[in-house]
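The structure tokens that follow cover one protein chain in two forms, given apart as structure 1 and structure 2.
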Structure 1
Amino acid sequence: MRLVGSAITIAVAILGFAAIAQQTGSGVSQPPAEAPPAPAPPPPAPTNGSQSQSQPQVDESALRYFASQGDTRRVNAEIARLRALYPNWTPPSDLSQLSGSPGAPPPDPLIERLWNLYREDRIAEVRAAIAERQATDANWKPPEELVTALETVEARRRLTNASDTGQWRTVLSVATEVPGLLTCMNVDVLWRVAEAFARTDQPNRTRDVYTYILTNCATPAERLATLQKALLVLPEPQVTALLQFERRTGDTPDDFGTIRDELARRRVERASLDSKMTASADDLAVVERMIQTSGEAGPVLILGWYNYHHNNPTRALELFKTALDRNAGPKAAEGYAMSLRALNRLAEAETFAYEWRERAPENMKIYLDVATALLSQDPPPRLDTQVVGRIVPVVMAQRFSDAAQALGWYSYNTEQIRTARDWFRTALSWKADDEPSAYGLALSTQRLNDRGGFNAVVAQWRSRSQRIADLADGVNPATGRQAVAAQPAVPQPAMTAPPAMAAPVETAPPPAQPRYAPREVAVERVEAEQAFVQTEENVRRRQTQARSALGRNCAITRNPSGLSADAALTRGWCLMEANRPLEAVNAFDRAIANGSSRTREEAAYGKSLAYLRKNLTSEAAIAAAEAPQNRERRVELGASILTQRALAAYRDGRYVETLHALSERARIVPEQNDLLLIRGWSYLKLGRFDDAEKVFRAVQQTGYSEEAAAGLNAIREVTGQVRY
């Protein structure tokens, strides 16, 4: 291959002197630190179509073939290639001289066929035809220009394949071996070489290739594409420096405006992630223009986060809403929720973030943060039943200690002391060094007169928490709402109110299950025997009275919003008698909203019973707290709620939760035999065989011999031991 003229100049500029030294034997062993960009090739000296005697003879066979085919594009490309190889060569002014001029020797049919195959990119067939001819005529040689063209095509293919497969060293090796590829005729090759330099940590060489293209190549689309590629691999200052090569005049001027806009967008994006960085007014105006002129979500998100991190949540909220409208997805939802939180619109933020919580980890995190802030306000907000009901399961599933602590303080400050204690314990089980939760646990156990629990907290934390030590020493007795001052600070304030909430569930990985599958205890019988909890006689009396008062009107579906509080209460009890508990809830809600304290108490009681009838225990617990209840009712409802929780957990195989609910229930009412059986089977399922045996034997002594014997037999089968 010939390495003369501008091809060597280009290669020196792009690949460095060392690469060319290997080809020319010049002895140069190291490239310069910075190879300057190559100047455009000097114009060729006119020769009137003749060949200088000091130059090797130019093989114009390819040019003649393309001219004979009328392939103007190929003719022009071949002229450019020959000029690059032979700077002093000038093509004939009349191209017709190339195709069948008088006196010219007749073309060789084989040469015509070879060029035709080459034109069709059937390179392997060209090689095969050449080999076949040389096998019959050892003295025959293909035209030198055809050989060069074949080698160039094959080299381009090797380089392209290496680039496509990420073999960057091979790309540079091929480019070094065939510098004739590195011309404006092969801009794609130049781009690939530039990327290879970038991928091998040679950014200055990458810049040199792009500089060569912008200095020497004229096609505007290729020049713009060159800068677009530079954006992907070069540092921003080097891309900015390349803008100086923009051609603003001439027949084909450049327009690098999109590159400048992209650089401005990147600067704003960096500032959008760092509140200490400020974008210029010009750059911000560019991004604003992008938002107006395109339907893309990217610029909207960038400007949204910029405003959020630069203390303009109102504008950020507008932008994130626009991004959501443009289907920006979880990132836009995250920003929208965070902007609502920053604006102290926590109720809206919780509702919105809940819908997006499972779209991405960031969305779950912001939901938990918002829920924590919502619960942590002082005074405690009055939250809708559904809000607390959806917060609790998410907190449990995610084991988020901050939210568990917030639920603890929320419960404490709304006089749900037992529930508060459970949440503080749960928070500590997830984060053992959480001092605010430990303090909350100390306060709640003291309020409940749980001396054992209180002493355990004090023993563990006295040396680490002065306020817990003071509490133990009587310096700061827990009375009323003093816990509010002890509540830890939260990231954001919030707004909105208090019903009760579901108590947390103890979570622990159960040990290996026994292979024995115990028969189900009589769960239905347990449910039937809750009359003492719900005082069925009183409930039936209320329902009968309501039915008598309303008669057939109770069966007619109607909206209770127009009823008085007392009429709504009566309708609620009538609907309960008709076994339509969810309709009854709406009637009781009306009575709670507008009734006297006595009516509200009765309605909250009825609403809680309605939810219990549908096994909605969390909702029942919340409803019970919507109006103060006397001690008898609190015990009734609490026991009923805990019974249903225990039964539901047992059915689902959640035996730790079953035991937790049963233990809570046993603190307020005696435990009946059927529930004791459930406790025994739960112990057995968890591998606590000694505990299970004690329970079954206790039940056996009260007359439930058959069911207790089944449990004892199960223990014997699992352990292989006879129990006496």
Structure 2
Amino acid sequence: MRLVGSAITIAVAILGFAAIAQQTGSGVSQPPAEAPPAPAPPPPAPTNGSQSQSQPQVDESALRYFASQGDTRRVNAEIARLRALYPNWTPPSDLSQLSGSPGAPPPDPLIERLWNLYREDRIAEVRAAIAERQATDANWKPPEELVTALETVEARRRLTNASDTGQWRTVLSVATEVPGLLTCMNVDVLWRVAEAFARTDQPNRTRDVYTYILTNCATPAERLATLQKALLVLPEPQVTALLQFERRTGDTPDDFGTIRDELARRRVERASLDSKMTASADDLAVVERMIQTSGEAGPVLILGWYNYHHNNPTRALELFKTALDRNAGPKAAEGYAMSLRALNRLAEAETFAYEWRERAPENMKIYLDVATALLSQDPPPRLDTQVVGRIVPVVMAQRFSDAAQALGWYSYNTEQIRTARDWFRTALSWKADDEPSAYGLALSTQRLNDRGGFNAVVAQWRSRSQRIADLADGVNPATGRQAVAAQPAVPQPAMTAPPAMAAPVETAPPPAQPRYAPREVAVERVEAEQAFVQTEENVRRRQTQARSALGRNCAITRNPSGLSADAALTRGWCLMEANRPLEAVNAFDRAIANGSSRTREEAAYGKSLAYLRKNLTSEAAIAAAEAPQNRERRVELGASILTQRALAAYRDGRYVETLHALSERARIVPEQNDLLLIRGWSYLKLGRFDDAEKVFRAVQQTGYSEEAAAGLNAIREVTGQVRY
């Protein structure tokens, strides 16, 4: 008991509860008290410290009471009970001094019952019985020890409930009112008080509580748990300082190794995100060991980032691969893509990052960065149209101006100047102050002899960009190379002609969104949209309009060469309406030859449709390329052309080509069921039964289809033959 008593005194002294009481007391809230006087140095271990290492903390209050009453039978019963609970416990030696004050009254049976209820933790009932007794005997008082014991239990309950509910000031005020709680017997209470100090911004007091525990409390598991708790709430230097209390000798030495490892891991983690910080070899070895000894991804990621930020992308790549294998998910994927980029393996990086782009915002970010880097390589790489084709929709959806600009330069440097112009406009519409895009726009409009476009850029940017001003003043004529990279004018070898629709179709953006675009651009776009014929429905309307304007006349005039471009265009549509597509082609040709860019675009579109109507897909594709088309049209034409190619190839029994055309088409529009069936039959004819089966089943899942059922039967028949 003396031990516990002195411990309480020490606790109160260390914790400086007077100061806390000032802060948590009722009444007007005061600013936090001045920093308390420098905390007392850790108290010397209690004189009987060695005993405290082996002696558990046991509630002896009932035992002492029975002893004081001279109730030997109860004393012995209580000793037996406590021994059963705490095998290492030895009864206090001073019990005999308490007992048998001569002439003491016989033990009160009520009090015995109260202690029994107390031991069973039925505190409310003890209180109730006391109140009941006092109701009949106002002078009756319960034993002092019992009152203290009750107050302590009640305080512990309130403190625990308050702590569980985040009522930190209540935790501290209860601890202040009932300092008897603050002993090693209630190490959980001490932890909660420590946390309450931390949650009320008093970390030094938190540290004092942990110091008290490590100095006075013996149970190794509780000592280790104390440090684990310290890791959660204290700054690391304070945790490190607490390690000095590790007991290396004695019956039950401490092992704080896991704490040291955790501190090392945190140091590496901090350095892993800051290339200016280096971790010690020892700390790095700790993390390596964690990777080897556990299947966790956490340490792998830390070491991955450490290597990434410390100029070792090769090792980082390996580690992120390991992290991916350990299911670390988007974070690992981000690191993997970044490492590939750092290794300049951009094509791989793009392919990998594309797969992960939807998983988390940072994965999308790295995908866009990688794609931008891929496009911005110098000299411009020859990119698979498929790659460019999948970059474009993502850039559009994300409105990522850097990538739009990169697409602009990529198009420019591969001699797709119109496309480049569109991309630069798009980039500017997303980021109005993007000077490099403005410069790109100026270069491309100049190359295209687009005076209006060029003048508009110059007017906007002359005062803000010297190089655009120079361009306007003829100081630095357009060179045909990306001037950002200050390259000499080296003409880029023409890109291998992409499949008719691929490169131009897939890289050019839809019309710039007018939201952030300069006003002139917006106006131009609105006009454009009014004049354009964009969809099938519009085509029908256009044809009908033309037919009603010209009546049957359009079929009579044989030679369109004398017509103006606009008249030729109207005549072309009229002939389409009259279902005379080859004559319409002539009319559209006339419009393409003489028209404004807008007329040419529409005429080229009409011409493509005319050829398609005659199943002349190659011609249609060529026609479509005669003038740049807006996105909807490109998609529509591309899809139509590819459909016809696929069907033609299928009719001729060229199944590989059929599949190729279908795949191309599926990249720009969803594949409808009838074409899926063609795909299924093509697979079947090529002996790719598994693929065929998948396709037919997919069709069937959208609703019963005789064709699909027939396909499935055919597969069964064929594979059945194979089997027997």
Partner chain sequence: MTGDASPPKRILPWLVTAILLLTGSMASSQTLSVQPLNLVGTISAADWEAYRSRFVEDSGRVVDTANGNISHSEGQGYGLLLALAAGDRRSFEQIWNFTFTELLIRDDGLAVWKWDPNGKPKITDRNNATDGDLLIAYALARAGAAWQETRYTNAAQKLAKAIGKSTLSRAGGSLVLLPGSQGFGAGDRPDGPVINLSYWVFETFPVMAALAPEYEWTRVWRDGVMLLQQATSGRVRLPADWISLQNGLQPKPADGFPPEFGYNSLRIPLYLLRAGMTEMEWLRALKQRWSAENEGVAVINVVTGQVRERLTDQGYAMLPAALACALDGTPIPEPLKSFEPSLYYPSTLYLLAKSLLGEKYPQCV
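Because the structure is predicted, anything quoted here is derived from the model rather than measured. Heads up, when I say rigid core I mean the largest set of C-alphas that superpose within 1.5 Å between the two forms. One-based numbering along structure 1's sequence throughout.
Between the two isolated copies of the chain, the form predicted in complex with the partner chain corresponds to structure 2. The Cα shift for K365 between structures 1 and 2, taken after rigid core superposition, is smaller than 2 angstroms.
After superposition on the rigid core, the Cα atom of A397 is displaced by less than 2 Å between structures 1 and 2. Here R192 does not count as shifted, since its C-alpha moves by less than 2 Å between structures 1 and 2 after the core is aligned.
Summarising the core-aligned comparison between structures 1 and 2, the C-alpha atom of L146 is found to shift 3.5 Å. Aligning the rigid core leaves the CA of N116 displaced by 4.2 Å between structures 1 and 2. Lined up on the core, D690 has its CA atom moved by 56.7 Å between structures 1 and 2.
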